[in-house]
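Take a look at this one chain, the form predicted alone, written out in structure tokens.
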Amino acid sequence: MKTFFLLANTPIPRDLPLPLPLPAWVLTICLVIFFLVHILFVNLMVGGTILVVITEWLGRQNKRWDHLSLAIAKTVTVNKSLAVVMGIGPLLCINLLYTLQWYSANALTGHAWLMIVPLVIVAFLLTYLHKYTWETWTTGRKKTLHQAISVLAMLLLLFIPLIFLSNINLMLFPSEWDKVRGFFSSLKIGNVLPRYLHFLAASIAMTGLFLAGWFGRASSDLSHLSDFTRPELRRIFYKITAYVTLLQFVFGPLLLFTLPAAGITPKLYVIIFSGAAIGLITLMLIFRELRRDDSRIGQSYPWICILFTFVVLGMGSGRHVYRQAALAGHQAQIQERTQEFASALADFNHQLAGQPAAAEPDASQLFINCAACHAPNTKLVGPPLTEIAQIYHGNPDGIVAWAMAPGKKRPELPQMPPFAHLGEANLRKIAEYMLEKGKAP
């Protein structure tokens, strides 16, 4: 009763009469895994773009940061391609599992959702322009323009995830759909902004950890970064990861305590606090790494990555647990309405089957389709029956052919619409009726 009361004013559509291509539990596992792989590369793309802007700005004072910025930019263009490709899987899964809620959210955010593809194309072109003009736009106004391009690309790549996040968030709260008037009003539903802050911090932290390993590996070529040592690069990106992860212990509780109650369950609390505990252990390992000398820094990197993986798995599982709980009532009402409709349809078909078949319409009844434009002796929208009978005397098939695909003969009259939907048999009845009624007395 309580769930029904909460959803009493919510749109309850019927479910689609189509079977899922796979069992729901398989699609659920695929959704969680595919989403985590996708969001990893989104994090690296967004976090990398932010670090490119910061390090290029530092490069105006010290050229070595400019070289590092270019090295980071080269990873961004790869990660953004992987983010797009890996986004297909979770998008397909969520379309199948939450079709009605997902497409409803897309429709409510309207133009912003439709703008995602053009915005992504522009952002990607800007990242390539920024990367491939690095060597030629190095001084003066060109350098300022070069930095402006990176800032614009960053702003676009920050805005696009916000559209996705608002849609994902909006689909969880069908009872709030009637309040939405486009994208910006959807930001007021749920806790979009705390979720977005958590996403941004995760993007920078994950990128820092990735770059600590990318530049810290023994096989990496650092000839273009001769002003940095390998241990120094590890320390720089370890620090970024550590201090931004500390911020997550602020954004995390903010996110938790602003979550609407619709999907809060004890299971969710267990997952969140377990993830936070593993995150704290990971943070301690990173700070221990920072205290090591240059010869030993990086020894715990594999363990840090493993622990981060568990934290990310917890986040992905927690999202799904919350989504399932938040939509449980709406999904149940959809199934109930679908069953009611199926039952009513079955009753209707049963009653219809017990009635005698309707008699086929005669020619005079079928002629109602034509009577608005063709009178017996008077020109209305089209010629009268008397004129038609003269043109098609003894040729009812000619009238049928014309009615199936009419052209335009007379400039003073509008073109006749086709009547192929009536079928050739009915059109022949009408043709014979018209020739009979149009015969001269």
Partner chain sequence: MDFPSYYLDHLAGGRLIIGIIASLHVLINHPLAVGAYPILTFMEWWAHKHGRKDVDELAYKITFVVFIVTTTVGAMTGVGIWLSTSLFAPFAIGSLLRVFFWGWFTEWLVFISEVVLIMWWFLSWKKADTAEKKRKHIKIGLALSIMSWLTMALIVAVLGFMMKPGEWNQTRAFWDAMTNPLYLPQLGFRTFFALMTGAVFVWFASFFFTRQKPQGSRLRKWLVYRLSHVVLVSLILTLLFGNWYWHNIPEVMKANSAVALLSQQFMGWHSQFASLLGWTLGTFLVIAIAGLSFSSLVPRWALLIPSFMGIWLLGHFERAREFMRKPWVIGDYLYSNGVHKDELAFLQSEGLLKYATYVKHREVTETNKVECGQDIFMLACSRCHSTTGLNGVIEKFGLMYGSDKPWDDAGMLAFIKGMHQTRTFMPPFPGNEKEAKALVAYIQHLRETRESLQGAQTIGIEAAPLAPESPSNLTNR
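Treat the numbers as computed from the prediction; the structure is a model and nothing was measured. Definition used throughout: the rigid core is the maximal C-alpha set that superposes within 1.5 Å between two forms. Positions refer to the first chain, counted from 1.
Same protein, other form: the form predicted together with the partner chain, not shown, and the subject of what follows.
- Interface residue among K379, H393, R60, K409, judged by heavy atoms within 4.5 Å of the partner chain in the predicted bound form: K379.
- When the partner chain is considered in the predicted bound form, only one residue from W177, W137, F228, Y301 comes within 4.5 Å through any heavy atom, namely W177.
- Look at 260-268, 278-286, 237-245, 77-85: in the predicted bound form, residues with non-hydrogen atoms within 4.5 angstroms of the partner chain sit in 77-85.
- Taken together, L256, V312 and G329 are entirely out of contact with the partner chain in the predicted bound form: none brings a heavy atom within 4.5 Å.
- The partner chain is not drawn, but in the predicted bound form it has no heavy atom within 4.5 Å of W402.
- Mapping the unseen interface onto this chain, N191 falls outside it, with no heavy atom inside 4.5 Å of the partner chain in the predicted bound form.
- The partner chain is not drawn, but in the predicted bound form it has a heavy atom within 4.5 Å of C373.
- A residue is said to contact a partner when one of its heavy atoms sits within 4.5 Å of a partner heavy atom; S295 fails this definition for the partner chain in the predicted bound form, lying far away.
- Although the partner chain is not shown here, in the predicted bound form the stretch 98-121 places heavy atoms of T99, L100, Y103, S104, N106, A107, L108, G110, H111, W113, L114, I116, V117, V120, I121 within 4.5 Å of it, in sequence order.
- V46 shows a C-alpha shift below 2 Å between this form and the one not shown [criterion: core-superposed Cα displacement of 2 Å].
- M416 is among the residues whose C-alpha shifts by 2 Å or more between this form and the one not shown once the rigid core is aligned.
- For A403, the Cα coordinates differ by 2 angstroms or more between this form and the one not shown after the core has been superposed.
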